[in-house]
Ligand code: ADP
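Here we start with a single chain on its own, the form predicted alone, put down as structure tokens.
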């Protein structure tokens, strides 16, 4: 569904559940990271894009003076949050993303209004497309609309990130909330994770789209592996005598190779190379140099597979299929996206070949893995928006 169709749908769902039309409708998108993986905690650059998949909420003032009630229209489940005092963690579990945002506004001195809310998300859950950030930023946008107190988009992103840290217990970086809050239609967002400086990178060429391929697998190697990678990067920075790998050059790394283990060397090689690839890819996108951007995407995947070792068989299969289709078949480049060990790949493809490429990847992936992939194309979408209110 388009955002307009989603707004009509959520308004109807709200009216069906609460018996009256909503006063406000707000939405925030999920995201895919085009390039720049495992660079965020190394003070590097990331290049995410807001996708045409959204968390959307319809709301109206509630008759219950201290109750913030959210009805999940997909799972047919309601969470009721008492907003008469400080908001804390609670049940159901998914409500903690919302609770964390409400608490963040309370900490800024904002009185949370009593609201009835209907909620829907079209961001796939568990695929690494930031369904949680979309929900957090959507909630923050609703509070802005309902209180008439907008906050700076960067403040909003940081408030949502803190909600995820404190209430969901996920120590995420800043990328997901930043792109959901600050995304702009027709643009990617080059984010400097050290300075939090953002730069919009236009991607308006109608001849290309990004194809998101959800492998529908998640290998439980999880947080322990991420923590190990982070520690290995810190080891490399210490040996190189730099604050973080953002400050290291390929030359410095080669000279110090003998002073570090092979694993630490390879982790650093990925990160230092990936930071460089990300800024070069952003330049390629500005110039609509799609073959070059595609090569950076493939190089990113190989480094994630071989040096950082966070890929898996299913992600590699998708990239191999994309390579087989090749430039002649309409694929410029493809890579795993997100933390790794499953989740999604992202491919840069010719718009007029999307249907054929989708069919080919779906058929070949099923033949090679026995798993059905979920595939959709997206252009760069707008960030958080107040649709009605």
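Residue numbers count along the first chain shown, from 1. Given the structure is predicted, the values throughout are model-derived calculations rather than measurements.
There is also a form predicted in complex with adenosine-5'-diphosphate (ADP); it is not shown, and the following applies to it.
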Open item on the list: Even though the partner isn't displayed, in the predicted bound form is residue 119 close enough to adenosine-5'-diphosphate (ADP), meaning a heavy atom within 4.5 Å?
Closed with: yes
Open item on the list: residue 94 versus adenosine-5'-diphosphate (ADP), in the predicted bound form: is there a non-hydrogen atom within 4.5 Å?
Closed with: yes
Open item on the list: Can you work out whether residue 153 and adenosine-5'-diphosphate (ADP) are in contact in the predicted bound form, taking contact to mean some heavy atom pair no more than 4.5 Å apart?
Closed with: no
Open item on the list: in the predicted bound form, is there a heavy atom of adenosine-5'-diphosphate (ADP) that lies within 4.5 Å of any heavy atom of residue 125, even though the partner is absent here?
Closed with: yes
Task: Position in contact with adenosine-5'-diphosphate (ADP) when the complex is considered in the predicted bound form, options 135, 293, 213, 188, heavy atoms within 4.5 Å - done: 135
Task: Among the candidates 311, 244, 278, 131, the residue which, in the predicted bound form, approaches adenosine-5'-diphosphate (ADP) to within 4.5 Å (heavy atoms) - done: 131
Task: Stretch in contact in the predicted bound form with adenosine-5'-diphosphate (ADP), which is absent here, among 193-201, 312-320, 109-117, 94-102 (heavy atoms within 4.5 Å) - done: 94-102
- [ ] Give a yes or no on whether every one of 41, 43 and 166 sits within 4.5 angstroms of adenosine-5'-diphosphate (ADP) in the predicted bound form by heavy atom.
- [x] no
Task: Contact set, 71-92 vs adenosine-5'-diphosphate (ADP) in the predicted bound form - heavy atom within 4.5 angstroms - done: 72, 75
